[in-house]
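What follows are structure tokens for two forms of the same protein chain, given separately as structure 1 and structure 2.
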Structure 1
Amino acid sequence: MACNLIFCALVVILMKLLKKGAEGDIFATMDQGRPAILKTRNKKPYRNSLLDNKIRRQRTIREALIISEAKSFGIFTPLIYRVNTKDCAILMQHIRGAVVRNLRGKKLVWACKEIGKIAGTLHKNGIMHGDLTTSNFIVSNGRVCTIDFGLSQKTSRIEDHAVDLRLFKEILNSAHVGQMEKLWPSFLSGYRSVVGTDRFQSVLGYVSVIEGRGRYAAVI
């Protein structure tokens, strides 16, 4: 207990706020001499407090569990150092590197193919990432690390996997405008190489269905 309090005090003293997110904050800190990231999920005053606690706790637990599970089938994810379900906080390995969103040119094309392979591997193992954007991948020592599993789900449904692909396409269109013609095929070739042609055609077919729905909704 005393040890835990000392640890918490040290973490608080050494914390540096890296990012204020929609859900919570990201701090850079140290854990037993290792560079670490503390990810918190803050209370939402507009939400019923019982429901709010449940949602924040659920997302914290899900994120920590799926980060570890993905590692078990070869996806590069941060090591989880500690999870505090009461405060809805995760202490994890700090991955040094460049967020894919900030890459340009050939490196970005390569990273998109790697993200395609990662998405394929997650899907093959029954996991939907839920927030497949270029901000949630970090290139570190020539490998792509996947983060931010707070919205991930256990699902093997084609429709759910198509939602991941559709979101990634949307992000390429908005955050990487003008590079879409190279980035989307690169992502798709990585994805196809892992899931196989039949599954690829089915999921991609469903992406078109989702896009069709979007257009229909826009017309109405």
Structure 2
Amino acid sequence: MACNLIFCALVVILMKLLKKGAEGDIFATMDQGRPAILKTRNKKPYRNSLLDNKIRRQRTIREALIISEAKSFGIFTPLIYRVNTKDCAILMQHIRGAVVRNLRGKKLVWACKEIGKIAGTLHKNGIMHGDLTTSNFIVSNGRVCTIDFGLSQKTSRIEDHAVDLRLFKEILNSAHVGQMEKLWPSFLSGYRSVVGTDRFQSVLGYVSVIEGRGRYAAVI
């Protein structure tokens, strides 16, 4: 019993909270001597406990599978070390590098084009990221790594892919407003190079539809 308590204490000491969110918490930790990230999904007290466990378990499994699937068609994502379905947690590789949100100038313009290519590759393979922001991409050793697939889902619907693009545009308008005129076209250039002109026009057209709905709602 004492040994177990000591082990638990060591685990807690080795874990550092990096991000606390509504969906889950992110911890920096170690796994077999290598830096790792532990993502845990928070319980929702307003939901029935059995239903909550089922939803969190399903979303944990889905996220791990989509991360691995994205890697299989060439996207740089963290390696999955272990998935704990009982505690709804994923232990994965800790990617070191610069978060795209913190980049400036030409590096940021380049990164946005790479993110466009990544988004295009995901969409072309039927995956919506769900949280396409500059905070969820890390430049590591000259490559852009995609993280946080917690809201991702399998879908080939143009409407869903347009939501990804619309969110990214909103983030650029708020977090990078000074470079918006360069960043958005750079992103679109990367996206178009992967999905092709026809699909690009369809998705971008639906982005305009979403924006139109927003303006209409604001007037009402």
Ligand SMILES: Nc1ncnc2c1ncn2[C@@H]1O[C@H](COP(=O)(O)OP(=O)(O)OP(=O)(O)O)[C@@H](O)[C@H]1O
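The term rigid core refers to the most C-alpha atoms you can superpose between the two forms while keeping them within 1.5 Å. Just so it is clear, the model here is predicted, and its values are computed rather than measured. Along the sequence of structure 1, residues get numbers from 1 upward.
Which structure would you label as the form predicted on its own, 1 or 2? That would be structure 2.
Check the Cα of G24 between structures 1 and 2 on a core superposition and give its shift in Å. Reported C-alpha shift between structures 1 and 2: 2.4 Å at G24.
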